[in-house]
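A lone chain, given as structure tokens: the form predicted alone.
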């Protein structure tokens, strides 16, 4: 750990999603290590503790002026960033997700007094570059913000390479993976399974925000393919509204095999009650849901897209299939459901890899070293 503590401003989307969850966890870990952390956002992040030492929250007020067709968030955010940076002498602003956070941070830095400008660290999580980076209305602004940041990180090597390819960014991008720290269990596996009413049947778990890229349609199709001759349940821990998928579940005849819990805080308790994870995305920069399962000894079946192969060792800590391959996903899921001993062996290997490569102890020092490096270096020119 560096020999000094930092004063860090963190901005993320506070809703349920990988970037907000990682940002919240990072803030908690930094505070635990003696740094002062100031969250700046329109709402308190979903998993951020209500009261914790050295963690502060600064809400951004958004005014709905009739002058604007749509309320603006970027400018009020930049003003609040500049205000917090000045009042609390922040060393740096660490923004998660480029749009609009990186742009707001660059503007906040420009509004700061000469010699007191906070450094700007931007962490890319995925669709901020892989989706919005393709959009002519966003791409140039994202590229400018990344170029003017004092450091840029990506959660996987795949995302780094995609950012360079799509945005033509000619600057170093540090790869610092996601990490996870399981919270102490609040309820036992038996208690959770009793609540869910799954009995002794194997339990398959899916964790996501249900956005289109997560392919919930393929998730349900995979369950339908795998069910004949097997008794198991699917638990969906949803960071969004599952109602749009109910009709498909009924049409496929799997509605009575699906249990949904929305916006669950105690994710670890539910995942620990499962036997296999199932993830069917068309694109993933990392997939925090897989990592959560790994830490709890639950192997996953997943599409081997994007950064997932950097997390899952195919055949050792989980099983991978091609994007969109319902038959392949079903075959892999059936193989684990039908072989409890193999599930257990893979789960142990997954837990070992998670602790060795993706723990807070392994990852957070990388951010601390990055902070020390950018603070010691001259600030990036404004233009």
Ligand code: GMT
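Numbering follows the first chain given and starts at 1. Predicted model only: the values in this text are computed from it and were never measured.
The discussion below concerns the form predicted together with this ligand, not included here.
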Legend entry - Full three-residue contact with this ligand in the predicted complex, heavy atom 4.5 Å, for 18, 125 and 155: yes
Legend entry - is_contact(residue 288, this ligand) in the predicted complex, heavy atom dist at most 4.5 Å: yes
Inset, instruction - Report whether the minimum heavy atom distance between residue 224 and this ligand in the predicted complex is within 4.5 Å. - result: no
Inset, instruction - Decide whether residue 214 counts as a contact residue for this ligand in the predicted complex under a heavy atom distance cut-off of 4.5 Å. - result: yes
Inset, instruction - Tell me, yes or no, whether residue 180 is in contact with this ligand in the predicted complex, where a contact means a heavy atom of each within 4.5 Å. - result: no
Inset, instruction - With this ligand left out of view, choose which of 103, 283, 248, 143 has a non-hydrogen atom within 4.5 angstroms of it in the predicted complex. - result: 283
Legend entry - Partner-contacting position among 74, 209, 263, 116 - heavy atom within 4.5 Å of this ligand in the predicted complex: 209
Legend entry - Among 272-280, 125-133, 85-93, 196-204, the region lying within 4.5 Å of this ligand in the predicted complex by heavy atom distance: 125-133
